[in-house]
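Below you will find one chain, with nothing else, as structure tokens; this is the form predicted alone, and questions on how it binds or moves follow later.
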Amino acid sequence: MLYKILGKNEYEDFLSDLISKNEVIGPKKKDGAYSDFVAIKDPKEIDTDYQKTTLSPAKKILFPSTEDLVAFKISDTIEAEGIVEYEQKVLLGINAWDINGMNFLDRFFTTDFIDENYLAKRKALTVIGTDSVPTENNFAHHMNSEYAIEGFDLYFSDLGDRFFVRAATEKGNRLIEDFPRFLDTSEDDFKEFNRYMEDYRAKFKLNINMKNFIDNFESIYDKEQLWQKLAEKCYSCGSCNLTCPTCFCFNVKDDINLDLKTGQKLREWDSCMIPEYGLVAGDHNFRPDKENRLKQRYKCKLITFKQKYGKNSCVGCGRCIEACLAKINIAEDINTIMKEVSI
């Protein structure tokens, strides 16, 4: 890791230089409450104080909601050609929990099977992170996601009159070399950064109890009345999955063109909370009940990948809480599960 300091005035020049040389995707104010990550043409467009985005910017870029995988042509034979589309981009202003969400997707799409579409986009992406103020529904600090140690090229933390900058890759080092106004860090800079992180972590107000959660979850796994209560208001709409930065479920389908001779095989986001997701041939459904689907979602987010990768697939961003039409709150449900065991 390389550590540097960049003054506030120099930071604005750094952004201008970056935008002039690259396609930059960054946070821009969308309305009074939300921002969106879009193409940035002017540093003044960047909303550095954003709190809420509906979707994770990394997931939008690396794992888009709809993506062509294969182009095919039907004649006497069937000709098929893989489609891998990517562009060099800079993702600017992504926060720590969304970087950690991206790190999970990196692991998922390159472990059991190498997803060439995802990997090509990932290699072409330069990631520049920055801290953002957590919302009232954010519990990233309990998921160890409020701080990123990998997955970015540069990361900026605001010390007031200057930025404390961490470079985690050779690509990040080159960005610093190409803009010679970065300064070396001093011992006082590190001390102030430590104080900054203490103050930053104090901004997370939502508390959950994850102590011994895996064992306690298994102990209430078969309590049907509890799961019926937790899922009682669920509309099975899938909003929680679609806004989650780490949900990866997708459906693959064929899209035939009007000539009936050519078409594309594409994938699109899917949701394990939708009843049709578990439907298979013979009209059998592996998870016909919403309480079973909610239980599986919580197990996927909080247990399955903790056991497989050593990290939860939930980063505590709180988007599912804000998106849920029925006001189902994963943080409250975690605490409810823990209370159920302690009674």
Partner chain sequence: MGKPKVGIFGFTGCGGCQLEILNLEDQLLDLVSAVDIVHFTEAITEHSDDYEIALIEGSITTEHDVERIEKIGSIANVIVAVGACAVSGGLNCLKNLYGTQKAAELVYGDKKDWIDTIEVKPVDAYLKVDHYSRGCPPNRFEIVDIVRSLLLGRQPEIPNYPVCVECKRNGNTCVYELGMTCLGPISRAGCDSRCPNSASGCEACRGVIENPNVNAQKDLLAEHGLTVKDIMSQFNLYNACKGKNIE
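All of these numbers come straight from a predicted model, not from anything done at the bench. Positions refer to the first chain, counted from 1.
If you look for the form predicted in complex with the partner chain, you will not find it shown, but the lines that follow are about it.
On the criterion of a non-hydrogen atom at 4.5 angstroms or closer, are S236, K290 and A323 all touching the partner chain in the model of the complex? Per the other structure, all of S236, K290 and A323 touch the partner chain.
Heavy atom contact within 4.5 Å of the partner chain in the model of the complex, the stretch among 169-177, 150-158, 238-246, 91-99: Residues of 238-246 come within 4.5 Å of the partner.
Option touching the partner chain, based on a heavy atom within 4.5 Å in the model of the complex, out of A202, I256, L183, V133: If I apply the 4.5 Å criterion carefully, the residue I get is I256.
Give a yes/no on whether D49 approaches the partner chain to within 4.5 Å in the model of the complex, heavy atoms considered. Residue-level check for D49: no, no contact with the partner chain.
Since only the chain is shown here, I'm wondering whether F213 would be in contact with the partner chain in the model of the complex (any heavy atom pair within 4.5 Å). Result no; F213 lies far from the partner chain in the model of the complex.
Can you tell me whether K311 touches the partner chain? I mean in the model of the complex, with a 4.5 angstroms heavy atom cut-off. K311: no, not in contact with the partner chain in the model of the complex.
Does E232 reach the partner chain in the model of the complex, with heavy atoms at most 4.5 Å apart? E232 belongs to the contact set for the partner chain.
What are the residues of 59-86, in order along the chain, with a heavy atom within 4.5 Å of the partner chain in the model of the complex? Contacts from 59-86: just S65.
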